[in-house]
Each structure stands twice: as C-alpha cells, then as structure tokens.
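We begin with a single chain expressed as structure tokens, specifically the form predicted alone.
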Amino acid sequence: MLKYVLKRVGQTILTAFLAVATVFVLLRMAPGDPAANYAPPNPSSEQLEAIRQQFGLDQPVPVQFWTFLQHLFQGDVGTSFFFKRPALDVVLERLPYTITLAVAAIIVTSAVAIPLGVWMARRSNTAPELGANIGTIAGQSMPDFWIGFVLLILFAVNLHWFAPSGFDSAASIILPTVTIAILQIALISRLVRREMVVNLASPYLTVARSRGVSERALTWRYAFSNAALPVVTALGTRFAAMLNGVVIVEVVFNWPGVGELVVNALKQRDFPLIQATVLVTVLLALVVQLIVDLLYPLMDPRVRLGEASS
C-alpha cells in the first residue's frame, strides 16, 4: 500500500510539473503582449519595456521557466498582473466556489443517475426503458451552455425563482448545479444500465434467485456491487474534471469559481494567474483520482492496487 501511494504521489508531482511546463511555454508562444494589459492606458514603449523587465518577460523562455521553478519551490507562483496580488492567493479564494459546485453536481448526479440506470436495466427492452434511453441521449447531446441559457430564461427571467447570475444565496447554486448534472446524469445512467444488464444476466444471479434471495437484494447487493467499480471510476473522473473548472457553466452563470477566473485571466494574458490555476486544479484532480484508486480494494477485495491503476 505504502509503495503504491508513494509511486502515485511521484506520478502526481510529475504530471503537475509537465502540465504547468506545457502551459508556461504555450502562453509565451501565444501572440500578444501581457505587459500591455498591466500598463496604464496609451502606454509608451519605455513603460512597456519597464513592465517586461519588472516581470522578467524580456528574458528568454528557458530563463523565465528556471526563475519560475526557483520561486515555485519557495511556494511563490508569481504575482497576478491584473489583481496585483499573489496569484496563488487569488486562486485559493475562488477554489471553494468551484469545489462547492462540483460537490453539489456530483451528489445530484449520483442520487439520480444510479437509481435511473438500475431502473433502466431492470426494464431493459421495454417501452419505458426506451423512453428513458431517448431522454438520456437527449441530455447527452445538449450543450451545457444551451441548457444553462434555457434554465436562466425559464426560472430566472420568466419565473423569477432564482437570481440570474452570481452567488448571493444558497439558492444561487441550484441552476448551475442542474446544468452540470444533466449531462453527467445522462452519461452515468447509461453506464450503470450497461453494467447492470450484464450482471443481471449472469449465472450467479440465477443461482442466488433459486436460493430465495429477494429481487431487491439481487439487484443492489449482488448485481450493483459487481457493477460499482466502473461506475465509481466514471464518477471520480467526472468529479475531477469538474474541479478543473466547469468553465462554460461558470461563465454563463457568472459563478465566481476557478473556471470563470481562468477565462478572464486568458483574456488579460495574466501569466502567473493562469499558471497558478493550472497547478492547483491539476493537483486537486490527481488527488481525487488517487483517492478513487485507493477505494478499489475496499469495494472489491479481489482488486489489487497495481491492477486498479492499470
């Protein structure tokens, strides 16, 4: 166990390093001058050059990257050009909003998708199951920004049940959560249905049924317990993706999370802020994946950690 955890921690650090390095280089290859966004209106060439020297942007990219690594090992990822504050502090201020939205969305997804997928599997090849399948395909096909706009127009503009954007109360999380969850429910419920159909047709269920085991126990204790591993994997992957920032949904609802922050940072070419966002979200997503891997042997003792990771 310890050896596996240490190996995964090493992989996490390497992956985060490669992600940040890639973003670091790509940002500096992109057209435009970040100094212009930091300078006052109508800056002179001398002012722009002074800003480049202040932030080391006049140095070659390898020199900039080496300086960045030196500061990173000291816990400093740079000062945001726009906020004029430590970039890491800005990201950590926004991170709880993204985590809250991701947790709410994954809870709603699990609470709806798992029972729906089991229900569809129990009624496989029937008219109700066909209708549910059509609904999940529709949910999987609709873009999340379109769903967000529809929910905004219906429940915020027309019915005035919720605030149209921002975060001013607990109710503000409902519309963005539902927007995210619709697509996830469609994906996860279809996965649950597929896994449950296979397990419900397995011979061991026929044997258990002949012994008088109830249908409820057959469904949840036997079939679903064997179908749970891929479902947990999918939920963990989707949750990790949400932690990286549900960019479009956060922009549509003006949600003050990491996704909305990184969009504005890209517009302003705020290099330190983008790099800090990538570093924090990648590490968080990799930690979630590690936790999911560690849950495997607890859910199924036949699974070894080495096999789970592969």
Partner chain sequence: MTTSTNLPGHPQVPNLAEVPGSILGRESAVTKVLLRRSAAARRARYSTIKIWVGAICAGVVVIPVVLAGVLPLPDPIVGALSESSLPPFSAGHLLGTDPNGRDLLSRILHGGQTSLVIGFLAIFVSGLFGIVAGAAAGYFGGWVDTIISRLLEAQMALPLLLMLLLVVALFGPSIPVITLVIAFAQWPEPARITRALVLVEREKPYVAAARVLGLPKFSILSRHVVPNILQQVLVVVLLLLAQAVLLESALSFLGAGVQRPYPTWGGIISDGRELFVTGKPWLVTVPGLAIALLVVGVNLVGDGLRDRVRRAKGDQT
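Positions refer to the first chain, counted from 1. As the structure is a prediction and not an experimental result, all values here were calculated from the model.
Here the subject shifts to the form predicted together with the partner chain, a form of this protein not shown in this document.
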property	result
Candidate from Ile137, Leu72, Leu92, Leu229 lying within 4.5 Å of the partner chain in the model of the complex - any heavy atom	Ile137
The partner chain: the contacting residue among Trp220, Phe83, Tyr204, Phe145 in the model of the complex [heavy atom, 4.5 Å]	Phe145
The partner chain contact at Arg190 in the model of the complex, heavy atom, 4.5 Å	yes
Partner contact for Phe149 in the model of the complex: the partner chain, 4.5 angstroms, heavy atom	yes
Val23 within 4.5 Å of the partner chain in the model of the complex, heavy atoms	yes
Proximity of Ala39 to the partner chain in the model of the complex, heavy atoms at 4.5 Å	no
Location of the partner chain contact in the model of the complex, chosen stretch of 204 to 212, 122 to 130, 171 to 179, 220 to 228 [non-hydrogen atom, 4.5 Å]	122 to 130
Residues of 183 to 212 having any heavy atom within 4.5 Å of the partner chain in the model of the complex, listed in sequence order	Arg190, Val197, Val198
